[in-house]
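What follows is a single chain, given as C-alpha cells, in the form predicted on its own.
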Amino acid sequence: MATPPTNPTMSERGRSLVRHRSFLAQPSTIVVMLLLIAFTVSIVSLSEAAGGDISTSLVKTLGKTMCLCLIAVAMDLVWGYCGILSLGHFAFFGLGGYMVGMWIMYARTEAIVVEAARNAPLPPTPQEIRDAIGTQIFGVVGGSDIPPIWAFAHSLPLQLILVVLVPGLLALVFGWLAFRSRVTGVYLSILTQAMTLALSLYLFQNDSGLRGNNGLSGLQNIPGFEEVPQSVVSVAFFVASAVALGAGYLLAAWIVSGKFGSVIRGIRDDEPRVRFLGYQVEHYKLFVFTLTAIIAGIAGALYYPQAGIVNPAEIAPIASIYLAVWVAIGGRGRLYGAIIGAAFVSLLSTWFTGGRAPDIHLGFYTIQWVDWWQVLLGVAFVLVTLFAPKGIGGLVDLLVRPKRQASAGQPAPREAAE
C-alpha cells in the first residue's frame, strides 16, 4: 500500500510550533522561574512592609539587582546568542530611567507648586504654574523654561510609551546604519561605545534639557504616593522588577528556542555562511539589537525610581563594559548565566564598595576594598576569560550533564541552547 505523500511545509511548521511550545518545559527555564517566584515571595513575606526583618534598603538593593539581571539577559541575547558585543546597552538603560524620571520630577514639582499657590490672593494661571515648575526644575542649571523634550512629561502613559520608543528608535537607527554597512566585530563594539560616549557628553551639558550633571533626583518619591511608606513602595517596585525579569527571561528563552534562535546562533558562529544560505542577516541582527535595547530601557525605568537619581554618569561607557563583564563571568550564551553573573557581581560590588568588607592589613600597606574592588573585578574577568570561558554557568553544566548522561546513557545536548 502506497504511503500518502507528506507536506514538508506543514511538517516544518509543526516542528517549529513544538519547539516554541517546549521552551517552557526546558529544565533551565523551569528552574529559573521557580527560583524567581520562591525568592520574590520570600522577600515580600519577610520585608519590613510585611512586619519582617528585611530592611527597606535591602529590598531596594534586591529590586535594583533584578533590573540589572534583566539588562544582563538582554545583553546575553544580543552578545551571547547573536554575537554582537554591544558596549552601549547601558545607554538604553539610562534613557529608560530618564523617561520615567521626567514624569516623576514634573508631577512632584507640579504638586508642590499647586500646594504653595493655595494661599495666594489670586489663583495662578496655568502658564504661571508652568513657569513656576520650570523654575523649580531647571533653576539649578540657570534656566526657567521647560524644554520641548519635556512636552509629554505631564502624562505618565505617554512617558511610559517613550520608555519603549526612545531606546527602540535610537537602536533602530543606529543598528540600521551599522548593519547595512556590514560593520562587525571590534569595529561595531567601538561604534556602540562611541554612541554611548557621545550621548553621555551631550547629557552632561546644562542646555541638554535634562539638568546636565545634576541629572534627575528625588525619583524615589512617587507622585500620588507621598503618604505611602517607603517600605511599601520598595516592595511594589521589587515585585514589578521580578515580574519584568521573569517576562524578559521567558521572552528571550522563547526567541532562542526556535528557528530564529538557530539562525542568530549561526550568525554568531559563521555570519558569511548564514548569509550565503539566503538569510537576511542584517534583519535578524537589527531585530535583536532593537528588542534588547527596549528591554534595557524597561529595566532602567524600573531601576532608577529605586535608586532615586539618574545622571549622565550612569550612561558612561564604563557601565556598558561592566555589563559585558557580568555576562562573561556568569556564562555567555546561557540566559541563566547572565542572571547569575549580574546578581553575583552587583551584590558583591555592593558589599565591597559599601565598606562592609574588612580591610586587609599587610603591615606595609592596607588593602581597602572600596579602592581595590574594580581591580579585583578586572582580574576576575581576565581569569574567567582565560580559564573558564563558560563562566559560572559552566559549573551548572558540570553538575547537570553527568546526571543526564547517566540517565540517558549518552551525551546530553549543549545546555547553552536552552
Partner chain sequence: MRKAPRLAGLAPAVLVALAALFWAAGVGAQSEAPPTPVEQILLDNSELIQKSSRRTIGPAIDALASSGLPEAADVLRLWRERELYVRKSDGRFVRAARKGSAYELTNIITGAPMGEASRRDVDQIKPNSGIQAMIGAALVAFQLNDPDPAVRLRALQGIERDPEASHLTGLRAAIGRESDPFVQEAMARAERRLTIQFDEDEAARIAAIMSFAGDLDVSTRATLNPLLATHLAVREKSAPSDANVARTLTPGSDGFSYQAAYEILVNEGLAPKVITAAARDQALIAAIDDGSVAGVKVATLDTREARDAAYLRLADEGKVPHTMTEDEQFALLGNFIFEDVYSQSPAITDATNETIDAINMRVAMYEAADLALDGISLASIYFLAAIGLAITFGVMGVINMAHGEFIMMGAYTGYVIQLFIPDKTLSIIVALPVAFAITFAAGVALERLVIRWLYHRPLETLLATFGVSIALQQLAKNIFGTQARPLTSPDWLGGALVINDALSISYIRIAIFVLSVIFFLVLLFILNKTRLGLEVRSVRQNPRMAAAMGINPDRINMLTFGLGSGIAGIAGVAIGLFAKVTSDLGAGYIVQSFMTVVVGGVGSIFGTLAGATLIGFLQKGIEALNPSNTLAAQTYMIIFIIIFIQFRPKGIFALKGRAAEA
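So that the term is clear: the rigid core is the largest set of C-alpha atoms that superpose within 1.5 Å between two forms. Because the structure is a prediction, the values reported are computed rather than measured. Positions refer to the first chain, counted from 1.
The following text describes the form predicted in complex with its partner chain, which does not appear among the structures shown.
Peer 1: Only one of 356-364, 58-66, 382-390, 30-38 gets a heavy atom within 4.5 Å of its partner chain in the model of the complex; which is it?
Peer 2: Selected range: 382-390.
Peer 1: Can you pick the one in Ile137, Leu85, Met102, Val166 that has a heavy atom within 4.5 Å of its partner chain in the model of the complex?
Peer 2: So the residue touching its partner chain in the model of the complex, by this definition, is Leu85.
Peer 1: Ok, Tyr249, Tyr322, Phe237, Trp150: which has a heavy atom sitting within 4.5 Å of its partner chain in the model of the complex?
Peer 2: Going through each option in turn, the one that passes is Tyr322.
Peer 1: Using a 4.5 angstroms cut-off on non-hydrogen atoms, would Ala343 count as touching its partner chain in the model of the complex?
Peer 2: So Ala343 does not count as contacting its partner chain.
Peer 1: Within 4.5 Å, heavy atoms only: does Asp131 come near its partner chain in the model of the complex?
Peer 2: No.
Peer 1: When the contact criterion is heavy atoms within 4.5 Å, does Thr290 count as touching its partner chain in the model of the complex?
Peer 2: No - in the model of the complex, heavy atoms of Thr290 and its partner chain never come within 4.5 Å of each other.
Peer 1: Using a 4.5 angstroms cut-off on non-hydrogen atoms, would Asn119 count as touching its partner chain in the model of the complex?
Peer 2: No - in the model of the complex, heavy atoms of Asn119 and its partner chain never come within 4.5 Å of each other.
Peer 1: Would you mind checking 168-199 for residues with a heavy atom within 4.5 Å of its partner chain in the model of the complex?
Peer 2: Counting only heavy atoms within 4.5 Å of its partner chain in the model of the complex, the contacting residues of 168-199 are Phe174, Leu177, Ala178, Arg180, Ser181, Val183, Gly185, Val186, Tyr187, Ser189, Ile190, Leu191, Gln193, Ala194, Met195, Leu197, Ala198.
Peer 1: Once everything's superposed on the core, is Tyr365 shifted 2 Å or more at the Cα between the shown form and the other one?
Peer 2: Shift of 2 Å or more: yes.
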